[in-house]
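For reference, the chain that follows is the form predicted on its own, supplied as structure tokens.
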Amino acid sequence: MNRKTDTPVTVIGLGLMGRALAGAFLKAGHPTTVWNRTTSKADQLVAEGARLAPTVGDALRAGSLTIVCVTDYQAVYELLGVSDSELDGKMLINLTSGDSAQAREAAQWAEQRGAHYLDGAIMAIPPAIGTAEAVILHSGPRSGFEIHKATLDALGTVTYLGADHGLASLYDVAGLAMMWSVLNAWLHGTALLRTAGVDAATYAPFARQIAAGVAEWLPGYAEQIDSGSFPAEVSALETDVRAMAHLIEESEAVGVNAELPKLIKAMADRSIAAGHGGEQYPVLIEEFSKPRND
């Protein structure tokens, strides 16, 4: 992979993730300036060749690209707001965790101060930074991303999602929804099988096969959702709900928590009551797309 390694980079925020980001830039050969309230967190990076800036303003002046990775968006404003004059013309990439509304508000805040701004989300743990397994999402103006992509490649697999600054945050939480749903389903299945003496390690390969098989359905189901048409090509929702009832009954019979399948069945029941029983499972998008008013 060809990387331009003479681009100076600044990293503001040296928690575990911030230190990993700065370390990846250093490893790729980029002149790297760092800043953190607790300066001792920079010691190892300085030993590896980073420069510790005495102030946030100095840190902003040092790099043509500034990565911010701090506690929350309020911390971004508090830290960078004291150096408004240093933001003009700077490229800021904010990898601080937050929601899509915060991302859009931060973009306006930065642009009002003359900065170029991308919001981002890190789909990786700190040890993965700098490897292909680290997926870094970016959203905002494409031009800013393209200009700095060669530098950002040092962090892992960098991805551009679109001009809406909130997209990275939305993809982040959508990914979390997938992760927790898969894990919770696996835990439920594991709890069921443990009642018959089957351990988690024995069940895991079968569960992985099921998860991979279901993943193969997603492109076709996505076509149904995007077209708004849900013909029952495989199974109708009214058939699926009978299987849900069986799962609930079996769980309760063997003493396993049935809250999760009961929740899913309640959503399916509402969809059937609305006249969608003869349609395919993705019709439940209508239930997921509206708030639950209890």
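Bear in mind the structure is a predicted one, so any value in this text is a computation, not a measurement. Sequential numbering from 1, following the sequence displayed.
Absent from the display: the form predicted together with a small molecule. The rest refers to it.
Participant: Using a 4.5 Å heavy atom cut-off, which residue among 161, 192, 75, 150 comes into contact with the small molecule in the predicted bound form?
Facilitator: Only one listed residue qualifies here, and that residue is 75.
Participant: Just give me the single entry in 112, 209, 71, 157 that has a non-hydrogen atom within 4.5 angstroms of the small molecule in the predicted bound form.
Facilitator: It is 71.
Participant: Non-hydrogen atoms within 4.5 angstroms of the small molecule in the predicted bound form: do 267, 270 and 289 all have one?
Facilitator: The answer is no: none of the three residues contacts the partner (heavy atom, 4.5 Å cut-off).
Participant: Of 209 to 217, 91 to 99, 179 to 187, 137 to 145, which is the one stretch near the small molecule in the predicted bound form, taking non-hydrogen atoms within 4.5 angstroms as near?
Facilitator: Heavy-atom contact with the partner occurs in 91 to 99.
Participant: Please determine whether residue 128 contacts the small molecule in the predicted bound form, using a 4.5 Å cut-off between heavy atoms.
Facilitator: Output for residue 128 is no: heavy atoms all beyond 4.5 Å of the small molecule.
Participant: So, residue 79 and the small molecule: in the predicted bound form, are they within 4.5 Å at any heavy atom pair?
Facilitator: Residue 79: yes, in contact with the small molecule in the predicted bound form.
Participant: Heavy atoms within 4.5 Å of the small molecule in the predicted bound form: does residue 13 have any?
Facilitator: Yes, residue 13 sits close enough to the small molecule in the predicted bound form that at least one of its heavy atoms falls within 4.5 Å.
Participant: Is there a heavy atom of residue 37 lying 4.5 Å or less from a heavy atom of the small molecule in the predicted bound form?
Facilitator: Result yes; residue 37 sits at the interface with the small molecule in the predicted bound form.
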